[in-house]
Every structure is written in structure tokens, then in C-alpha cells.
Ligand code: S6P
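Given as C-alpha cells, the chain that follows is alone and in the form predicted alone.
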């Protein structure tokens, strides 16, 4: 099917694509159980349901030949000692890749293969990260302001959130005594659908 070319504006400050077809939000209640400190999570949810991140996107065909584009804004904050993050995902078509471009704030890209090979990359404005096929990925806001990034991936890649919900990542990003570092995730279980 032939599509017409189009233009969109990127708002670096808000993390919006304009015009966009939809904006999705993830509050803490949408990510229940994804943070290690479930007691801190419970206490936070008793007093409110903070917005962890939002992403805006243009609805494009989810088929080969097309590219999906999205903007994400992760708020600053922590659940216990663990920084706010995206849910993270593998691609349904595991052999597809993704590109992230940091626009505002600072963060860290956590990546992992299904058998537990782990990598992390610090992301700042102007830093582009390439996520190879077969790597699950999530972004983490390590700063005090919203962390905003742009994403591009194959139209038919799809999202597999389930494996990360089941197994988690081998490492989590935490702050202790004013220092940011990767810590082993005691709940991590090796294995996925790959």
C-alpha cells in the first residue's frame, strides 16, 4: 500500500512527537512488581500513583519495510533505591534491532540477551545507541530532570514485555550513598523464549 511522505516535529523539552496519534502513559501501578523494593512500591502506591514515563508515537503499519518512531520521557525518581525506568522489552521478532537517541536529561540503557549476557550504556543528549537483534532493553532515568529519547525500529518488530516481566534483568540500576551503580538483581532468573 502506498503511503504519502509526512513531517513531524520533535519537542525536545516535552518528549512529544507533534502531531502524534497517541500518547501512552505508564504509572507505577502499570509496573507493579517490576521494581525490586516491593515494600517501597506499596508505600508509594498508598499515597498516589506517580507517572513513571510516557511515550508518544505515530501509528504506522506494523509490517516489513516500515519504521516505527516514538518519543519517550521518563520522569526523575526512585522506588526505594532503584531509579525510574521503562518496562523494557525484547522484540517479538527477536532478530530485529532498535536505535535510541538521547535528547534531554541523562540516563542509562540496560540490555540483556535471553541467556543473561548483559551490557549498559550511558545516554546523554546527542548520544545514539544501537541495540542489536536478540537483546532485551530498557531505559533508566539517572538524573534529576525528565530523560527524553527518540526511538526507531522495524515496523514489524513488535514488543515482548512478558519475558522481562517473568525473568527481570540480571542487573538493576540503583543509587546508594549518592552513587549510581549496577547491582545484581536477586530476583533474576535465567531463561527466556529464545
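Residue numbers count along the first chain shown, from 1. Just so we're clear, the structure is a prediction, and the values are computed from it rather than from any experiment.
Just so it is clear, the following notes concern the form predicted together with ligand S6P, a form of the same protein that is not shown.
Enquirer: Quick one: of 151, 60, 127, 51, which gets a non-hydrogen atom within 4.5 angstroms of ligand S6P in the predicted complex?
Expert: That would be 151.
Enquirer: Of the residues 32, 159, 43, 66, which one places a heavy atom within 4.5 Å of ligand S6P in the predicted complex?
Expert: Looking at the other structure, the residue within range turns out to be 159.
Enquirer: Is residue 105 close enough to ligand S6P in the predicted complex to count, meaning some heavy atom within 4.5 Å?
Expert: Taking the distances in the predicted complex, the answer for residue 105 is no, it never comes within 4.5 Å of ligand S6P.
Enquirer: Contact between residue 82 and ligand S6P in the predicted complex at 4.5 Å, heavy atoms?
Expert: No - in the predicted complex, heavy atoms of residue 82 and ligand S6P never come within 4.5 Å of each other.
Enquirer: Considering non-hydrogen atoms and a 4.5 Å limit, does ligand S6P approach residue 36 in the predicted complex?
Expert: Contact with ligand S6P, no.
Enquirer: Is residue 70 a contact residue for ligand S6P in the predicted complex, using a 4.5 Å heavy atom cut-off?
Expert: Residue 70 belongs to the contact set for ligand S6P.
Enquirer: Can you tell me which residues in 66-91 come within 4.5 angstroms of ligand S6P in the predicted complex, by heavy atoms?
Expert: Sequence-ordered list: 70, 72, 86, 87, 88, 89, 91.
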